[in-house]
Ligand SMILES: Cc1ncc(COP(=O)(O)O)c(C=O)c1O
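Next comes just one chain, in structure tokens: the form predicted alone.
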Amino acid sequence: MTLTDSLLTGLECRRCCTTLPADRLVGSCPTCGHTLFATYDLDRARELRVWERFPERDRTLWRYRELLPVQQEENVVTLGEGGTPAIRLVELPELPGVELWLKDDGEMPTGSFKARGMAVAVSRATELGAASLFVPSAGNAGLALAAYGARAGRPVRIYLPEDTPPEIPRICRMYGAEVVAVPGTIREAGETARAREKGSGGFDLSTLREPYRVEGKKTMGYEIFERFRDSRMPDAVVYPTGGGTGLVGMYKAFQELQRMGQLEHFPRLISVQMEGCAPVVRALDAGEAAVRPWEHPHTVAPGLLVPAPFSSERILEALRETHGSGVTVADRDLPEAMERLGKLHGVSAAPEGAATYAALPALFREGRIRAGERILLYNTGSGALWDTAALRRQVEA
């Protein structure tokens, strides 16, 4: 048995202040039902100067093992995830003076940033004795769980909206997962999953309904810090928002870095959603504490078709506490954004990641990004499974 030297201390609910030990399999807060977050001995991390150790390790997210929850190295389930590039983009004439970068998680093992969360969540669930795993998904989370569940030797069930592109369930089945098609959006997929799985012994890995997917997602923030710490951090990170775990994770990473004396000023977090499904942006603009479910949600970007993200208070907190903002884009803008990212910058992006690029003109026009700033777009997934011509026909139909 080889220890990871994890500094995990327990679990906490930020809504009702319940605290729990981290030595048992648990989903959401048993007191109020909201998200539980892992806590670490950050004073000890600062004393040990753990950041000095990371550059000597392999460029996977497990280089941050002291600040991740897995206790024994033998329980780490990995496909080499993490360490994705942040690349400088060509300067755009419509954004004069803006220094534009892109963090490309399309290069992850399963083609999206979901590999981060699932690698850590599956590792920890396996370590704590989960016999089987399930998740409702718009696509990429299902792919990631199918792959990491196979790697861990655990049965997996994926609940997908029935109009999910056929490549997704096909690949999930290739990994050995059981796929259940559900009418409606990911909201209905989640309701069906939790009803069917009740009493089955399956462990729910839904977004923010267990403590450890966000721990994998926080490595996004750690990697941004490592890439830019020797020059200067981005002034803003522009992020496509569906379930919102990435925003929560990056904000958690920045908080932990600050506690360890490594980071003074946080980048502004900017949420991008679609005109046909923008519950986070609406709640942010209205000054509301939580989202209201979006009525009649629709968009061609499946990862952004989340009408009522769980634990939305934490998403809004991340945006407000970093002095961030939100913006919407139209479906019709996505095919062109995907093509421009490919032809001008050599980046393959799915519609969700391309939404951040499509949002740039409005963000600049409204003064939310400015000349002289360093702006980082987050591309959450590869465009390899997407045909922009077919997407354009779908948008125009």
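In case it trips you up, residue 1 is the first one in the sequence shown, and so on. Just so it is clear, the structure is predicted and the values come from calculations on it, not from any experiment.
The form predicted in complex with the ligand exists for this protein as well; it is not shown, and the discussion that follows is about that form.
- With the partner omitted here, the stretch from 111 to 119, 94 to 102, 71 to 79, 288 to 296 that lies within 4.5 Å of the ligand by heavy atoms in the predicted bound form is 111 to 119.
- In the predicted bound form, the ligand lies farther than 4.5 Å from every heavy atom of residue 148.
- At the 4.5 Å threshold, heavy atoms of residue 304 reach the ligand in the predicted bound form.
- In the predicted bound form, residue 326 stays away from the ligand, with no heavy atom inside 4.5 Å.
- At the 4.5 Å threshold, heavy atoms of residue 124 stay clear of the ligand in the predicted bound form, well away from it.
- Among the residues 234, 279, 161, 242, the one placing a heavy atom within 4.5 Å of the ligand in the predicted bound form is 242.
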